[in-house]
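One chain comes next, on its own, written out as structure tokens in the form predicted on its own.
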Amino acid sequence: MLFPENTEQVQEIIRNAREAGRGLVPLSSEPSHFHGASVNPNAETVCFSRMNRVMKIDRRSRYARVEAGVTFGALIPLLAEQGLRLNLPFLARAGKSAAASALEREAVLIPKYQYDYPDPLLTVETVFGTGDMFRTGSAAGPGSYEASKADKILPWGPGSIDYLRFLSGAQGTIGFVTWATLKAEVLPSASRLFFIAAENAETLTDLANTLLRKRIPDECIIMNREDFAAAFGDNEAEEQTLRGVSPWIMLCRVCGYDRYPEERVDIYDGYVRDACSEVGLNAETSCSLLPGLEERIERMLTDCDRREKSWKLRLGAEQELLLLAAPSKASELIALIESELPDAGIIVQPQVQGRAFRIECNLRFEDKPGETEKYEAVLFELAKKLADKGAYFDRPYGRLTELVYNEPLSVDAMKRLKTIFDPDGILNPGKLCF
């Protein structure tokens, strides 16, 4: 395992690997690793844990620039000191690299502040498989990082090409990112969390669309009772208690900021309650299943998961299926998952101001020999059925790449791009379609 401490060392590692014909795979997050993107038996691991500087936090322009090894657990308190917060994934692990999470396009909790699927990623510095360093967007240009006077936050370019998209979701096959600029948001001065229960997911996805058209909620997430219990229960007894909620529940938080925060929250409260009453639902501000549950959930929605063991691994192992759905298709795809896997956990998150839903299907099981392979096969068969119904898999891991990269012309075009940025194929070889 190699431990670079700066960009020049990353360049040297890649150039040496080219000469030796040796594969490399990047690693920037602490265990556990769920998707296998940072595991490659045909490559040597480049661990970015020593590149862990928070380079800059700018409250006025609302961004943070961080090296690849900076984790959520380290970054969130530093942002809070400046009155800022990240648009976080749901229960992001404390040891998860903030840059890697954005590069993987993990679903974020605040859709109204997400303007494109790579958000909150703005600009990056990367080293391609040629050993050349390159910066995207307004960070591009000659000279050192310190000498550049650009703000380094405009994601598009340089020129008419959006280089950031070559790297987003590429699992380290195009270049190794050394630092990233992440969009941040102002920390709320007041907030109110709503619990909205329903018998089916369709009612809640429709409600989410209604609220997001008016840009009402900040955090907004829909879960079935299985994942609600697993995520917010700290042990088996609490999980069993939390399974007493309705089959589906939406967690919706409205916030006020520096100017008239309480008044703003009260106005949004009215919008939420009116929208719920129109579809026969109630917006509750309390959940009496466990003492202090409301405070626990709000704290967990606004922070990373600092528990010693991930909630997904409480039984020992897990497999998950991640997909993107148009709002018109979401309820149909969720119904298909429920019919095929009635005991699965399901999380639904509106994204990009409600223009799509990210759906996550979780299977948790005991870590016994052969179990992982069995459930991986089950989810792969389900993925084929979902694809036929309109699901889009923009984050393919493992066997799912067989389903996604199956169109010859597209695969040929991507392979030709790969030869430009990584001519010797040393970056995470075999991980996608090359």
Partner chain sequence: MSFSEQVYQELAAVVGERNISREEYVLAGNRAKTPEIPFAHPSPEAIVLPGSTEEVAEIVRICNRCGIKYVAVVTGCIPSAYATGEDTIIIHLKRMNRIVEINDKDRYALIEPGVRHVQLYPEVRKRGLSYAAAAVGPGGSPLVTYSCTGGDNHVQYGTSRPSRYLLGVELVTPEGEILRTGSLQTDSGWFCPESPGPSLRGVVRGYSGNSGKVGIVTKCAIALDMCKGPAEIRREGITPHHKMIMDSDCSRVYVFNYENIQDVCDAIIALGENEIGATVQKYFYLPLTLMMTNSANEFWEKWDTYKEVMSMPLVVHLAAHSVREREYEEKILFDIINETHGTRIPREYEQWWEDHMDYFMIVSRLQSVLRLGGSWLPIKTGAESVQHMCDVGESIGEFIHDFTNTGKIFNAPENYQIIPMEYGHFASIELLFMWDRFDPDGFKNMAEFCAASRESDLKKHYHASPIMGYGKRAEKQGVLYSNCHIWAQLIYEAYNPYIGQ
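Just so it is clear, the model here is predicted, and its values are computed rather than measured. Positions refer to the first chain, counted from 1.
There is another form of this protein, the form predicted in complex with its partner chain, and it is not shown here; the text below is about that form.
Worksheet item: Has each of 113, 130 and 158 got a heavy atom lying within 4.5 angstroms of its partner chain in the model of the complex?
Response: Heavy-atom distance to its partner chain in the model of the complex: all three under 4.5 Å.
Discussion item. Tell me which stretch of 89 to 97, 148 to 156, 336 to 344, 289 to 297 has a heavy atom within 4.5 angstroms of its partner chain in the model of the complex.
Written reply: Heavy atoms within 4.5 Å of its partner chain in the model of the complex occur in 148 to 156.
Worksheet item: Wondering, does residue 16 line up within 4.5 Å of its partner chain in the model of the complex on heavy atoms?
Response: No - in the model of the complex, heavy atoms of residue 16 and its partner chain never come within 4.5 Å of each other.
Fill in: 4.5 angstroms heavy atom contact with its partner chain in the model of the complex for residue 134
Residue 134 belongs to the contact set for its partner chain.
Discussion item. When the contact criterion is heavy atoms within 4.5 Å, does residue 391 count as touching its partner chain in the model of the complex?
Written reply: Residue 391: contacts its partner chain in the model of the complex.
Fill in: Contact flag, residue 321 vs its partner chain in the model of the complex, heavy atom cut 4.5 Å
The answer is no: residue 321 has no heavy atom within 4.5 Å of its partner chain.
Worksheet item: 404, 379, 47, 43: which sits within 4.5 Å of its partner chain in the model of the complex by any heavy atom?
Response: Checked against the cut-off, the match is 404.
Worksheet entry | Listed residue (284, 234, 263, 332) with a non-hydrogen atom within 4.5 angstroms of its partner chain in the model of the complex | By the 4.5 Å heavy-atom cutoff, the listed residue in contact is 263.
Item to complete: Within 4.5 Å of its partner chain in the model of the complex, which residues of 330 to 362 have a heavy atom? Give them in sequence order, or say none.
Response: Contacts from 330 to 362: 353, 354, 355, 356.
Worksheet item: Once you compare with this form, do the C-alpha atoms of residue 16 and residue 143 lie closer or farther in the model of the complex, given a change of 3 Å or more?
Response: Those two alpha carbons end up farther apart in the model of the complex.
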